[in-house]
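Just one chain follows, in the form predicted alone, and it is written as structure tokens.
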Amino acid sequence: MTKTNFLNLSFFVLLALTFIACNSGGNTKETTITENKPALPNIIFIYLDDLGYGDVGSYGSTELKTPNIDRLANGGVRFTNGYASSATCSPSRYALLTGTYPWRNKDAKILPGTAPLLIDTAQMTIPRMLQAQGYHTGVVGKWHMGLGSGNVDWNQRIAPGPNEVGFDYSYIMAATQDRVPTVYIEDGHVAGLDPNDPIQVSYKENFPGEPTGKDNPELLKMKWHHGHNNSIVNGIPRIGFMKGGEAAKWVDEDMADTFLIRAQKYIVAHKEAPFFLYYALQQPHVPRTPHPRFAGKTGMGPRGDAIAEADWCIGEFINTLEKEGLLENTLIVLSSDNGPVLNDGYHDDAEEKIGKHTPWGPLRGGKYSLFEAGTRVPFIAYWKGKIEPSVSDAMISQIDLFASLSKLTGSSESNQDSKEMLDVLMGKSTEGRDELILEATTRTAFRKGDWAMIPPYKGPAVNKQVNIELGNAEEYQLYNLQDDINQQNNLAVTKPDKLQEMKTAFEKIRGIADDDVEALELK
């Protein structure tokens, strides 16, 4: 070999070794980054509708059994001071997904079935945040946050909706089970719609020749009590008027099974990658229509039976997670959108068959109320092998899930209302939030430490239709919840310094009540 050839060969060998070393170093670095990156857990919200603090066995119910919810509560963190943001559904759901107080959005009220989308499509939401972190995101169940821009053609693709605010997949009902349209919507399209039988919906007037609950009581299998006497579907009178779409209409008694199956299919389909599922059950909201296999199960009428059905659905859902080997890598948060109500528009024996059961537990009030039972609800965090069983008195709100999940998944998203409390959620800390604004139908109250303050509001003290105390009074109300959880002893007069402290802190966050709130002067 000549000297020139040897030098050329040496050059190419050196070049090849350099190339291999560079690529080897790059692969080593890439492998290290991948190995050091924490595995992202699956995240599931199980959200019930009108489930009260006292409706769950692990929260003190002795008359109504909820073994599957109790399994989560007894195997995770059961919060005694867990709150929905509002005592009604649409505002709570808005706050849950955005981490923002609903009173900051003037449209965040109980919505009709034809309301436009409540969440701005540019707004950051939990599903959108998680999408950016590599999650597949899905919603199954009740939506009730509006769809479209206010003039929906139900026979075309409906947008904007869940898919425009961060959900990759959606299978929902538009509003509530007692409101039209009574159809399922999958990724913006009415499921099973016959194009030759188009849907028409109105919340102003009936369509000619269509029967109503008010005019045709002989067609009803469930009688209305108040506010539910418009279009009849499956023998049940609804809020609002609807015509057409017969093939697409749901069967009420099958609704729980329908949503359960969709939720199960979702997690099986996406088990290989991190997913976020918002599983929003419709129970025990009216009309309470448990499947016949649950009828009479509790002796409390349809409301009790619907809760038993919901608990069974949760058990079947957890069994699917377990079968698929997902429980050890899945954070589950279970809660309710607001407190309980018995008679909420139909004659269904909810009051007559309540017996010794107390859906509100030791609390005062219920749905629509500024008293504690309106917003203090079951709140459970479960993660097998990661969260140790405990009972936490830490104050936590559903709006705090936004910041806490941001921390969990490595996102940098935050907002002014959501407090990062990942360690509290995981049971590693009992230092919850110190203060919280609570809402009921545009009225707001304040929780700070052990104290609750309700400003003076005009209006009836009791909603006679639902037989629930609303919290309205002409004077300030101040309660020490540590000593008086049932809010019977108003200390506003005897504790003026504490009242002033509460007023100052409340107004710093909330400001003076909006013009549309019938409130007395706060100062």
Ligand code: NG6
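Don't overthink the numbering: it's just position in the shown sequence, from 1. As the structure is a computational prediction, the values presented were derived from the model and not from experiment.
Unshown form predicted in complex with the ligand; subsequent notes refer to it.
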Worksheet item: For V286, is any heavy atom within 4.5 Å of the ligand in the predicted complex, or not?
Response: yes
Item to complete: Answer yes if any heavy atom of R293 is within 4.5 Å of a heavy atom of the ligand in the predicted complex; otherwise answer no.
Response: no
Worksheet item: Just to confirm, T375 within 4.5 Å of the ligand in the predicted complex by heavy atoms?
Response: no
Worksheet item: Is there a non-hydrogen atom of T320 within 4.5 angstroms of a non-hydrogen atom of the ligand in the predicted complex?
Response: no
Item to complete: Please state whether all three residues D50, K142 and R179 have a non-hydrogen atom within 4.5 angstroms of the ligand in the predicted complex.
Response: yes
Worksheet item: Which residue among W383, Y368, Y171, F275 has a heavy atom within 4.5 angstroms of the ligand in the predicted complex?
Response: Y368
Worksheet item: Out of D344, E439, D311, D400, which one falls within 4.5 Å of the ligand in the predicted complex, going by heavy atoms?
Response: D344
Worksheet entry | Region of this chain that lies against the ligand in the predicted complex, out of 424-432, 332-340, 267-275, 444-452 [heavy atom, 4.5 Å] | 332-340
Practice prompt. Pull the contact list for 217-241: residues with a heavy atom within 4.5 Å of the ligand in the predicted complex, in sequence order.
Written response: H226, G227, H228, I239
